[in-house]
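Encoded as structure tokens, the following chain is the form predicted on its own, with no partner shown.
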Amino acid sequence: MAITVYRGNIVTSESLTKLKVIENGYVVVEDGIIKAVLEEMTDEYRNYVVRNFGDGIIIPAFSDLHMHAPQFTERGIGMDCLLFDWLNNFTFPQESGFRDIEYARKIYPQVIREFLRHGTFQVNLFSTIHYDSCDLLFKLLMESGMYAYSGKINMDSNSPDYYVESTEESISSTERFIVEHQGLSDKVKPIIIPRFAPTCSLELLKGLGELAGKYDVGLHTHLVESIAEAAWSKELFPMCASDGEIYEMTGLLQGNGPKIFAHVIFPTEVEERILKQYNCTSVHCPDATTNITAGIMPASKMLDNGYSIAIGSDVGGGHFTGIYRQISRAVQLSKMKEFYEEDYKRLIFAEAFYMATVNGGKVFGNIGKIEPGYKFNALVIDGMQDDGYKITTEQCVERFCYIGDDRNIVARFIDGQFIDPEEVYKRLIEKY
């Protein structure tokens, strides 16, 4: 039994709309799991060494539920394009480079270092169609200590000649990936990733649906990201009433793994029914939807109606990896939506924080809160106070999400273990 006690100001979600703050509190961690959260030290733990963070604020680490690992080098490039121009002129050419495993070895360790720097310890990732690069990414994630879902993208239709696969190859290589990676780790797990419906044939989606049922694997894809994408999906699959129904009809929602849909900006009644029926997680990606002018997710309305919504950076459609900045952007965009739509209610900060910690974390287990029974995947932030004018601890967390950066993260913990992003990066490049 290994017990460590941490002292600091503690901030976590009490509910969807309220943060819980414990000033000068204590977090007792036993073997990576939070055993107790105390307002005052008790006799039971008085003899243990206490690591004192002073005015530092202990918060849950962040989860990124939608990010394109191979698009890391695209962040902040081509942001004046709309979706399909951006895909064809930047994304597809760049992603095709991952056929070269040496290129993947240079890029993917940087991706992981960037996550760790910015306090994102749970991720759900797109990759490419290239088996060896996808295998490398999976193993790097395992070595990093992070929690993750990752797999191999599927694309056999409406894709560039230089970046496409046959239906048979797509299905067989996906099955191989699942077989070779399922069970390798309790923390990093395979997931099925059809890029989005227009790049997949009906035969491919049905084949992937069979794999979802056979191996009990989850799904990660885009859903009603733009009006044009949703219309194109219905044109290609006229037997379905909506984008979401395509995945239901082809069996991709039958596995017990997570069903994660990025964007969900224009959900129909069919999508709303599917999201609830299959316990899906929708992912709000504020920067990306702004950059490609897709629209603004009706996040607060969906939360009020009981849908689970997490947050994603969607790099490289998004331009910044830190999820804390997406928290502030989610609030900003909701205020714009409220301004233009009379029946819409803006998000409050506590709701956006909940999405990025609790809703994202629960996809990976008991993660996302500073509470007994949860894994101690946590950050300590500091340096948000001004001289001569003191703000509250809760306001410090809000300020961090708006103007802070990785320099304000003074300590990082995964499963109770201290994490140094540079040391992890060095280990990854030396081993792989």
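Here the structure is a predicted model, which means the values were calculated and not measured. Residue numbers run from 1 along the displayed sequence.
Heads up, the form predicted together with a further copy of the same chain isn't pictured, but that's what we're talking about next.
Note that among 158-166, 241-249, 198-206, 327-335, the stretch whose heavy atoms approach a further copy of the same chain to within 4.5 Å in the predicted bound form is 327-335. Although the partner is absent from the chain shown here, Gly78, Gly295 and Ile348 each have a heavy atom within 4.5 Å of a further copy of the same chain in the predicted bound form. Heavy atoms of Asp405 reach within 4.5 Å of a further copy of the same chain in the predicted bound form, making it an interface residue.
Using a 4.5 angstroms threshold between heavy atoms, Glu398 counts as touching a further copy of the same chain in the predicted bound form.
In the predicted bound form, no heavy atom of Lys189 sits within 4.5 Å of a further copy of the same chain. When a further copy of the same chain is considered in the predicted bound form, Leu82 lines it closely, a heavy atom lying within 4.5 Å. Checking Thr290, Ser308, Ser233, Ser173 against a further copy of the same chain in the predicted bound form, a heavy atom within 4.5 Å turns up for just one residue: Thr290. Distance criterion of 4.5 Å from any heavy atom to a further copy of the same chain in the predicted bound form singles out Thr73 from the list Gln182, Thr73, Thr268, Asn88. Within 4.5 angstroms of a further copy of the same chain in the predicted bound form, the stretch 132-163 places no non-hydrogen atom at all.
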